[in-house]
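Before any questions on how it binds or moves, here is one chain, the form predicted alone, in C-alpha cells.
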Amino acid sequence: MDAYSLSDLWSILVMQGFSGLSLFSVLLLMALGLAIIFGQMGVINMAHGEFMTIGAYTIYSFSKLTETYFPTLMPYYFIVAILGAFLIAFVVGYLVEYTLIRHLYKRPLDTLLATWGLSLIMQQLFRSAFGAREVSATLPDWLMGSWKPTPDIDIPLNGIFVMVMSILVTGAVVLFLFRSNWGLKVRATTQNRVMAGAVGINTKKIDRVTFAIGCGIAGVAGACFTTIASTGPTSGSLYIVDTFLVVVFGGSASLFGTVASAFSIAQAQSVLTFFLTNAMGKVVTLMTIITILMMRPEGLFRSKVRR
C-alpha cells in the first residue's frame, strides 16, 4: 500500500467499492429469491443457482434470436428478455414445487439432497442444450461503455443498470410482501400455517406461487449476471454458497437483513480481494462472518414471528 498515493487509494477504493456494488446487486437479487424460499418457507433449495442460470441463458437465447432475425430490435430486446427470464424461471419453479418440493416440506435433509440432485440434472441439461463452454449475450449499445465522474474513475454503465434493477426488484418484493393481499397471506402462512389454513387461506397454493416467485427473482438475477460475466452450465452454482451465506448472516426471515448482509459481504470481498489474493479475501470475509454468527446465531436481524 506504500506504493499508492492518497489520490490513487481513493480512486481504487471508489472503483472497487462500485465493483462491490455490482456484486452486491447480483447477490441481493439471488438472496431475495432465496430469502423468500428459505427464510419464508424453510426450504433448502440447492438448485436455486440453476434458476439464475435459466435467466442467464434466456437472455443469451433472446440475444441470438434478435440478432439473427430482428437486428433492428437489438436496442430494445434486453428489457423484454428480462421479463422472459422471470417468467421462464417462474414456470419452471412452479413445476418443480408441484412435482418435487411439495412432497418434502418439513423434511429439510431430504429437500437438500433432492434439490442438489436437481441442480446436477439441470446443469447437464444446460450442457446438452448450450454446450459446455461459456457463452455471452450481445448487449445493446446503451449498456456498453462507462461513466467518468473524474479523470481517474471509470464506472461501467452495465454496473449502474444492475444496481437500478436490484433497487426496483427489492422495492417490488417489499411491496409484494407488505402491501398486498397475497403478501399478507404469505406472512400469515409463515407465522402460523395451521391458523392460516383454518381461516380459509390455501396454504398449498401460497407455497407453490411463493416458491415460483423466488425462482423467478433468481431468473432476473441471471439476466443481470449476463451484463457483467459470461454464462456456463455451472455459473449459478458458483453463487449458491455466497447466497446462502447472505441469507443466514442477515437473518433467514428478514428482508432488511438480506439487503444489509449482501452489501456487507460484497463490499468486503471486493476490497479485500484487491489488496489480498482472491482466495485470502474470501477467507477473511468468511472467518469474520463465522465469528459474528458465533456471537449472534440468529443473524444480523432477527424476524419476530409467532409460532
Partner chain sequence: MNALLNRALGERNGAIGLAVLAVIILLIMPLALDIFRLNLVGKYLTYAFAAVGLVMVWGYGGILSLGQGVFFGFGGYCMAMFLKLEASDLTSTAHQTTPGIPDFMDWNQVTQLPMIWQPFHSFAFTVFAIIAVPLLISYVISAAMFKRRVGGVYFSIITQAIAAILTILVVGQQGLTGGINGITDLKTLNGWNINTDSAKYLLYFINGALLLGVIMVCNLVLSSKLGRLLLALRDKEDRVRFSGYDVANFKIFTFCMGAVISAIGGAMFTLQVGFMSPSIIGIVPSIEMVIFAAIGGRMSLVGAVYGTLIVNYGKTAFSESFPSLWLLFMGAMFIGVVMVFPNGLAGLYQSHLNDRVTRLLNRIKKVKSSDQLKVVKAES
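Numbering follows the first chain given and starts at 1. Keep in mind that this is a model prediction, so the values were computed, not measured.
We do not show the form predicted together with the partner chain, though everything after this point is about it.
Interface membership of Ala266, defined by any non-hydrogen atom within 4.5 Å of the partner chain in the predicted bound form, is ruled out.
Although the partner is absent here, Gly183 is not a contact residue: none of its heavy atoms lies within 4.5 angstroms of the partner chain in the predicted bound form. Interface residue remark: Pro140 is not counted as part of the site for the partner chain in the predicted bound form, having no heavy atom within 4.5 Å. The partner chain is not drawn, but in the predicted bound form it has no heavy atom within 4.5 Å of Lys205. At a distance of at most 4.5 angstroms from the partner chain in the predicted bound form, all three residues Thr99, Lys282 and Leu293 contribute at least one non-hydrogen atom.
For the partner chain in the predicted bound form, the listed stretch (60 to 68, 25 to 33, 256 to 264, 239 to 247) containing residues with heavy atoms inside 4.5 Å is 239 to 247. Of the candidates Ala172, Leu104, Leu95, Ile155, Leu104 is the one whose heavy atoms come within 4.5 Å of the partner chain in the predicted bound form; the others do not. Interface residue among Val91, Leu83, Leu118, Val209, judged by heavy atoms within 4.5 Å of the partner chain in the predicted bound form: Leu118.
Taking the partner chain as it sits in the predicted bound form, the stretch 55 to 79 never comes within 4.5 angstroms of it through any non-hydrogen atom.
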